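Below sits a lone chain in structure tokens, taken as the form predicted on its own.
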């Protein structure tokens, strides 16, 4: 019979709270810097004081335990301060996706029941579009780089004024570690955005495990006090993959680029010595192919790709520049990181071509995480590198449901496993490989075709910049694959869709894909639509060709 530990009545009941992450760098290196564009430099000592001050400012505006603070901002030092101040007060941080439509933004603010909004000056047109229909918002605070901005008088406060006018010491309370810390919304293929939420305990555990894994893996040692970090995943999107929390816990130099502008990003990488970042493939492609990148040394950069599959062509492009690139995986519902791809020690001396095959797998489970594959009947499938099914997950930092949506919450957590909606396999080495989104699989003649595999193939052509493969209706076969691509500037007008289609035949001859999987045609377009977080939006592409 198991026995619980009995504690003496005077023992401190230590809860896993974000405030304990916050204090760590003050002990280690209080004079380390946090940089915002080329506009602001703070030491951790100053950062700590500003967090205490803005907490007092929030309290003066009625924010306390259980209240919700919505934020519409770029990646700034102010956002980082709110990442800590709001949840450490016992309040809830709602990171608003500013790339949604005004209608969707209005829905998320009202659904989350925001009490106060912090709005960057650049997003005032969005705010103006929704302000008359806000339900619970009582006050609005302006965020601006100009402390003397005359617009401030039209709002209930201005961020820097709140900071300057407040006390520099706030007593952040103790409370239950399962208290909700953050809320944000994920957009699905149908219906309204879905709210996901995470507790202090979940965010602290997520930070500790990612730090431990990043520091321990010898082949890709990513975490250490000597790194210089810059986010290239928006801070409104799944806590910028959690990095601002564990980078602050580690006490490293952090660089926040504000609005993403490729020339400035490259300038900051060069000037500040950035060595660690993460982003989606489209942003990485833009940076690596920018003219300004030709004169920037990227050989010290460690890059994690997520949000969409790391293709072999992007992996090779990164490695050719000396970048240590790996894949990471997760989703809004998973906080987000559940697995990452690391080379095993015996793979270190492999050729670049052989390593690419591993680097482009989806990943191996992080510590405390279980990943399995199930068939349509919920039966677990073997880890043989062949058996494909839906990927399901267990981990201590997964959202426990959708906010105010019990029916979809139960669907998400059917049989006690979080259902990702991804199709894939696990090989005998333990690597997960996503082969398709459940909603994106192409069904032709009773067989499944992976659009991700076809996209990976066509982007290996030297002329192709990016690609989306979709299934289009076919009377005989139910669906047939169609490839939509953009080509590099020096190939525009010099290559045809027919020539690109013939490229697939090489992979048929190599037995990589069957002949019937070759797309019926390849369409060259000027641009492929993107979602609010920079992923290719196949919903829009399907609408183009649904007839």
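All values reported here derive from a predicted model rather than from experimental measurement. Numbering follows the first chain given and starts at 1.
Unshown form predicted together with a small molecule; subsequent notes refer to it.
S.K.: Go through 72 to 80, 152 to 160, 215 to 223, 327 to 335 and give me the stretch that gets within 4.5 Å of the small molecule in the model of the complex, heavy atoms only.
M.R.: Checking each option against the 4.5 Å cut-off leaves 327 to 335.
S.K.: Assess the spot marked by 228, 277 and 301: is the small molecule within 4.5 Å of a heavy atom from every one of these residues in the model of the complex?
M.R.: No, the whole trio is out of contact, none within 4.5 Å by any heavy atom.
S.K.: Could you work out which of 362, 233, 207, 108 is the residue within 4.5 angstroms of the small molecule in the model of the complex, going by heavy atoms?
M.R.: None of the others qualify; the residue that does is 362.
S.K.: Pick from 414, 164, 139, 437: which residue has any heavy atom within 4.5 angstroms of the small molecule in the model of the complex?
M.R.: It is 437.
S.K.: Given that the partner is absent here, does residue 194 sit within 4.5 Å of the small molecule in the model of the complex, heavy atoms only?
M.R.: No, residue 194 stays farther than 4.5 Å from the small molecule in the model of the complex.
S.K.: Counting only non-hydrogen atoms and a 4.5 angstroms cut-off, does residue 395 reach the small molecule in the model of the complex?
M.R.: Looking in the model of the complex, residue contacts with the small molecule do not include residue 395, since no heavy atom lies within 4.5 Å.
S.K.: Determine whether any heavy atom of residue 461 comes within 4.5 Å of a heavy atom of the small molecule in the model of the complex, and answer yes or no.
M.R.: Although the small molecule is absent here, residue 461 would stay clear of it in the model of the complex, with no heavy atoms inside 4.5 Å.
S.K.: Verify the contact flag for residue 455: yes if a non-hydrogen atom of it lies within 4.5 Å of a non-hydrogen atom of the small molecule in the model of the complex, no if not.
M.R.: It does not: once the small molecule is placed as it appears in the model of the complex, residue 455 has no heavy atom within 4.5 Å of it.
S.K.: Relative to the form shown here, do the C-alpha atoms of residue 516 and residue 425 sit closer together or farther apart in the model of the complex, given a change of 3 Å or more?
M.R.: The answer is farther, because the C-alphas of residue 516 and residue 425 separate from each other in the model of the complex by 3 Å or more.
S.K.: Are residue 439 and residue 397 closer or farther apart at the Cα level in the model of the complex than shown, by 3 Å or more?
M.R.: Relative to this form, closer in the model of the complex.
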